[in-house]
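A single chain comes next, written as structure tokens; it is the form predicted alone.
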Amino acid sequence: MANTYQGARRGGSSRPGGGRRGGKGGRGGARTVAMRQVRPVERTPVTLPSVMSVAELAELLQTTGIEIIKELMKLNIMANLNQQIDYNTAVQVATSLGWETNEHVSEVVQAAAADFTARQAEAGTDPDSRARPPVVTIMGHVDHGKTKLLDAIREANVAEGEAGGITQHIGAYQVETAGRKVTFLDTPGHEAFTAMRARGAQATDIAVLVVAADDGVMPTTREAVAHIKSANVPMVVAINKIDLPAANPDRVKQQLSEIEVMPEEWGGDVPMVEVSAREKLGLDDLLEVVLLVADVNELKANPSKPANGVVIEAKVDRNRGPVATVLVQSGTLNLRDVVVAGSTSGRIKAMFDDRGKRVRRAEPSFPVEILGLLEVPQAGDTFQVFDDERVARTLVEQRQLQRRADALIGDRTVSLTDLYSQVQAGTAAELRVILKTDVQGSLGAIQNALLKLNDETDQSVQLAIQLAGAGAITESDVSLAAVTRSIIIGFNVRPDVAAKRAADTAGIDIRFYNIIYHLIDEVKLAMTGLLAPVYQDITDGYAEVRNTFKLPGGDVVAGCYVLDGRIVRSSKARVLRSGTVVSEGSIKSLKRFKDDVREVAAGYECGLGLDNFNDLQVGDQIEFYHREEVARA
């Protein structure tokens, strides 16, 4: 029956004029042909939004969702009617269906982005603005009592009887003193403080520098001061541990004055308060000074507008999904608001304060944890509230494209080569330097010699030292260099693995010297536009000494683990001990087990001997490098 039926179908369709509608004399067939000839479809170019669903695209193209899905399948895209597709994909679908498209740039999105910038700028001039709580970051050396001071302030000033006590659920919290509130950001350190600024966020109003009265200024303290100054925020110094017998606050003030942090009582502009976190002494005085500094700076915001602010930290919670801690800087954030945070968006499903309590709104300077974002934003990303969810999604897409473009351009940093070119073009104005040396004695001599160049060279180019310190080049130095557009100069010191990787990623120019006059001459030539071609060291890899063995002939070889990159037999080797260079030379032997090898990759162990150096010690890091000539344009 099936074969007969199919044969009949084939036969019927092949007869000229066969079938009720297929013959020339059939009235129905003539009517169909006539309609196709006299009523062609006329289509004007269609304007497509940046983001749309399959159903929305079908409506714009005057077709069914099934047809759109078929075209998407041809592009290897499996989608349903509610699936969101981007502009480029929609153009391909429209073209395949015979539509022309107009180039489209969303004026609404541009206006929204401009509105966010305007909202940030008008916070202090808006007539409806009112005083807001100051946002404070506490910084300082790790052993100087920063955490204890935070805990003591929180314990002494959290409202009594509130659920959750002093438990801190998020990386920020508010305390109340003298009827006024103060917001504290509990950041991991000055690296995070500067990393946020690197992404355009300025979350802190006041920085409190903690210095131990018995220990004084440490290298980390100097770094913190440099980061605070680069952020251009007011500073308050808390001299902690005054209860200890060895406490000497005057010595601390003297040390701080030597790094240009001058106490108010000595004619400077930095208030200093003596406190004891352990005995809870001076905490009210510290908060009073913070509020006084806030009053001087007239911190204001308008709580009646849509909220904007900054992401303090973010993570993925296994049960709750993307979770972000945000600080509202202007306006009021409400439950169910549509938020764009960096390159992600979402509608707020829930908000919690620093004690884990659910809240429905957050006013300026109020930190909250929010749920509802589609992805995890980055710390330091700005956020803003939108009325239109579609506009929010479109802005997110544009930001993602912009971030990819920025990553490709990578023009945030500067190098001595850039300065040389800028001087010749007459556009250079300042060379910013981070100086690290092996010992304090070298530091003072080099610092003075560099600053003298300002008097000796063309006044159109000035040298500014952002940070000077003794010790290895750290990831914190790289972070500061990225934000301040500085170069890093190392004298007899090298970066560790993490710092080298961060510098390579950020494109930071690090220069290494072991002779002072070479350092001074090269900087001077760069400042005067006369820098000649030089050789540049290219790092091949890093290894760590795990064991040492003495051979019968007296030579010492090391059992090493390759941390990063690779060891090449022809590479030069530089032995680093606590970041200080103790030897430079060639590789004498390189073995894997008993076999001589030409190279060893990261993650593998090897045996290594160096020419004319037998003082290898467990824990030493060895940097392997080769030298290339770099031509100056």
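Owing to the predicted nature of the structure, the values given are computational and were not obtained by experimental measurement. The numbering used is simple: start at 1 and walk along the sequence shown.
One more form of this protein exists, namely the form predicted in complex with a small molecule; it is left out here, but the text below deals with it.
A.B. asks: Give a yes or no for Gly145: in the predicted complex, does one of its heavy atoms lie within 4.5 Å of a heavy atom belonging to the small molecule?
C.D. replies: Because a heavy atom of Gly145 falls inside 4.5 Å of the small molecule in the predicted complex, the answer is yes.
A.B. asks: Using a 4.5 angstroms cut-off on non-hydrogen atoms, would Val252 count as touching the small molecule in the predicted complex?
C.D. replies: Because no heavy atom of Val252 falls inside 4.5 Å of the small molecule in the predicted complex, the answer is no.
A.B. asks: Using a 4.5 Å heavy atom cut-off, state whether Glu375 contacts the small molecule in the predicted complex.
C.D. replies: The answer is no: Glu375 has no heavy atom within 4.5 Å of the small molecule.
A.B. asks: Should Leu292 be classed as touching the small molecule in the predicted complex when contacts are defined as heavy atoms within 4.5 Å?
C.D. replies: Close contact is absent here: in the predicted complex, Leu292 is far from the small molecule, nothing within 4.5 Å, heavy atoms only.
A.B. asks: Within 4.5 Å, heavy atoms only, one stretch in 237 to 245, 354 to 362, 391 to 399, 498 to 506 touches the small molecule in the predicted complex. Which?
C.D. replies: Correct option: 237 to 245.
A.B. asks: Ok, Arg320, Arg485, His518, Arg278: which has a heavy atom sitting within 4.5 Å of the small molecule in the predicted complex?
C.D. replies: Selected residue: Arg278.
A.B. asks: Using heavy atoms only and a 4.5 Å cut-off, determine which of His227, Lys436, Arg132, His141 is in contact with the small molecule in the predicted complex.
C.D. replies: None of the others qualify; the residue that does is His141.
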